[in-house]
Structures are given as C-alpha cells and as structure tokens.
Ligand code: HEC
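One chain comes next, on its own, written as structure tokens: the form predicted alone.
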Amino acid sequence: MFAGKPVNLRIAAVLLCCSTLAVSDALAQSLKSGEQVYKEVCFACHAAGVANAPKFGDKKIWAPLIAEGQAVLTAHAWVGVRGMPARGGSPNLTQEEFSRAVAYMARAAGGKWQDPDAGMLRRIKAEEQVRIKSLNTKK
C-alpha cells in the first residue's frame, strides 16, 4: 500500500492511524459506567421507589420490565416513560452511558443484560424512533 511512497508520508499515515485509535480509546474510557450513572442520576428515585420508580434490585418489580427487552425498555426510559423524565432528567448523559445504567439496574434485579455494544445501541436508537412516533401519534 505504501510501497514507493516517501518515508515521511508513510510515517504520517501510521501516526494518523495510531492517534485516531488513541482518541477512540480515550473517548470510550471517558464514558461513565452504569454504576457511576446509577449513583449520580438514577439513585435519587430508584433507591426509594420515588414516583413508582422500580426499586433497585427488586426482582419482582423489575421482572416485567426486563421481559420487555433491553432495547425497548432502554429506549422508552431514554425518551421518558411512566413518571420518569427523558434521560432520567439528566440531559448531559450520552445514550450509551444511559444504556449502561439501565443494564446495570436490570442485572441487579436478575436480568442477564450486558453493557450495550454497537449493535444494541443501534437497536435502542431504532426503538427510540418508534417510541417517539408512538407518542406523537397519541397527541
């Protein structure tokens, strides 16, 4: 690929690739974990069941929510559902951070959910659009 190219161009290409990977890695590491988001945002309502929020770790209350599926429940919560405001009332969260927190809470209640990968994030985003369309139709 780089045969016949000046050495400086080859070095620049390698450095560009390495710096792009380093930035991507740094961004991934700077995202908050599900536990961090839970403690900073979700705890206020989910620890005590404020406004009927499902209590953290309560398997009976979480079971039907977990049964909805990770993409559906996460997207509905992201948009706002029942008494919960969109994004749990924290507009600065990324969808990935928020999704990690939902997975963390589901695991605490017996769900087998993992932190979302790229495929799950796409499914959550698609379900978010379905949810928004559904809410707009009801108005």
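Treat the numbers as computed from the prediction; the structure is a model and nothing was measured. Numbers follow the displayed sequence, beginning with 1.
There is also a form predicted together with the ligand; it is not shown, and the following applies to it.
**Study point:** Contact residue in the model of the complex, from 93, 79, 71, 108 (heavy atom within 4.5 Å of the ligand)
**Key:** For this set of options, the contacting one is 93.
Review point. Given that the partner is absent here, does residue 50 sit within 4.5 Å of the ligand in the model of the complex, heavy atoms only?
Key: Close contact exists here: in the model of the complex, residue 50 approaches the ligand to within 4.5 Å, heavy atoms only.
Review point. Does residue 32 make contact with the ligand in the model of the complex, using a 4.5 Å heavy atom cut-off?
Key: Residue 32: no contact with the ligand in the model of the complex.
Practice item. Spell out, yes or no, whether the shortest heavy atom distance between residue 56 and the ligand in the model of the complex is within 4.5 Å. Key: No - in the model of the complex, heavy atoms of residue 56 and the ligand never come within 4.5 Å of each other.
Exercise for review: Any residue of 59-89 with a heavy atom within 4.5 Å of the ligand in the model of the complex counts; write them all down in order.
Suggested key: Contacting residues: 62, 65, 68, 73, 76, 77, 81, 82, 83, 84, 85, 87, 88.
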